[in-house]
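Listed next as structure tokens is one chain, alone, in the form predicted alone.
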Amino acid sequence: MSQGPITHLTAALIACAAISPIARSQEAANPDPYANETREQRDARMGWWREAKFGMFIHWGVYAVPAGTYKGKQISGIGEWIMRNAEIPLADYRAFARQFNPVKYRPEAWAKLARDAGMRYMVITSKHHDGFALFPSEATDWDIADATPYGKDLIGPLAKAARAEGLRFGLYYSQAQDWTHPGGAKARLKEGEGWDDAHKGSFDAYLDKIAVPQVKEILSRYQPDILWWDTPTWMNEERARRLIPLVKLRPGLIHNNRLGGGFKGDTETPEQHIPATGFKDRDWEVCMTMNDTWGFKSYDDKWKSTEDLIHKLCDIVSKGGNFLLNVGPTPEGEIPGPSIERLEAVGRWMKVNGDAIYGTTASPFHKLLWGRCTKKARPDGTTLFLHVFDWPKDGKLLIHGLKSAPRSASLLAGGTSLQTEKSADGIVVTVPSAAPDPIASVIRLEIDGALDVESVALQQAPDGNLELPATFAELNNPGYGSHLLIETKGGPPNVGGWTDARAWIQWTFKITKPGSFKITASVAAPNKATVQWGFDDQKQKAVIEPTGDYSSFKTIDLGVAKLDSPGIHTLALRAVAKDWKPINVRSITLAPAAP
């Protein structure tokens, strides 16, 4: 009898049988297949992802049918959470599946749209928190094949189309939250709780009967390049250990940090915000919506502009991250028109400026007031790409802190050569009067030899004083509802929009004359507020008394603090969450004080 083909799953099981006792012992201690990976192995595995920089996220499922409305009422919150937020009974929610019939689904068009937008990979929700699978699953009948009139796999055709366009393919999987299958986790509820009797069941049994079998199915069947876990509700180490070994079913798989149980995965995943300084020692990827929802919501028209999306892409990449930008298709299988329009516009920009995005690494500069910078290493030096958002009106672009004299400078669009000269503060590039691109124009600088940069622009004056202006502040917005921004109307720039007490501000600067400093702040505060501040890891509190309104700035004393050593330091300003009232901040000043 001839032997049939060996499947990926069978091959993995055969390989497991051949593992040595020592390897088995190591696996028992840490079942993460990458636990003992060398730096060289990790760099090789992560190489394509670090090169790609830009990907498409797709949130699609039964929630696209109600599209944000239940029983005639618009439900607040993001579209794909409608079942949880409205506490829809299972029978009512399952009925929506009979209207999920994506006859207009064209996976080839989706893949081409992503490719033309300059994206290099796609990640789609194979199963979201409502428990509905976009693939035929042997573990349940709550899937595309059994619960809908469409009755066909949605994942396989997209995987094929993506790869035909040269894209890498990834799958999102909600391993813990499941609002349909008995025992599945539910945000904001304790284990065992639910809003429907059908929810009753064991979470551990859910993991064994649904999550583990389905992860095996998607990894063995579709061989994704990425597995995107989400929300480790009710997860612990013992539970995560049932899932983490499955990663080895797809050699080379990249997975994120949301499994739970202490398993960090490969990537950090800041959601709906850009970390002010990125992540120093971790690969990371910002996931973000184009409007205010992930899953389709018929009345959400708060679309980000093309300019905003391109600036966000440049910002993320300049900090060393990737950008995973979401679309939420309709129940008929169409990507909304505003998403298509924006992706096409981003694609036109990427066709001209993609070299400044793909394969680049983080900026060597801490802060550039006119835009962002990315870089690429060359055998004989470095290429810097200057992403200029605010084109200089006087034709002179100062690259503050650059000490290396460029061998050449040119516009990335068209290649026009530009003149450069040294100044006391860095290198000045003479540019045309009109920006080549109204959103972001890119200048290429070729630097020979070692790159010499004074990365921190804020430095102590000879008299020991130091001003930290709002324009140099690092704005840390933690996510939904957080809107710190630089306001420029009505006087010098200030940090405003501090409505979220989780948000915080930080400055990085260089001290040459350490010692004790008196700290003052120029603030505007209609109401009394309390802040926490300090150098590096120091923490002090200060009360901000009302100044009048948000445009009435006064200088107030925060206190005295000490810096014992010269070098790079930070000063952070945070809200004290209890009864937080927003303030505007124009600047912080450090003045030498008696010990």
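For every residue, the number given is its place in the sequence shown, counted from 1. Source: prediction; values computed, not measured.
Keep in mind that the form predicted together with a small molecule is not shown, yet the notes after this line are about it.
Checking 509, 81, 365, 504 for any heavy atom within 4.5 Å of the small molecule in the model of the complex turns up a single hit: 81. For the options 294, 142, 203, 169, the residue carrying a heavy atom within 4.5 angstroms of the small molecule in the model of the complex is 294.
In the model of the complex, the small molecule lies farther than 4.5 Å from every heavy atom of residue 323.
When the small molecule is considered in the model of the complex, residue 258 lines it closely, a heavy atom lying within 4.5 Å.
Using a 4.5 Å cutoff between non-hydrogen atoms, residue 300 does not count as a contact of the small molecule in the model of the complex. Interface membership of residue 553, defined by any non-hydrogen atom within 4.5 Å of the small molecule in the model of the complex, is ruled out. Only one of 97-105, 229-237, 493-501, 130-138 places residue heavy atoms within 4.5 angstroms of the small molecule in the model of the complex, namely 229-237.
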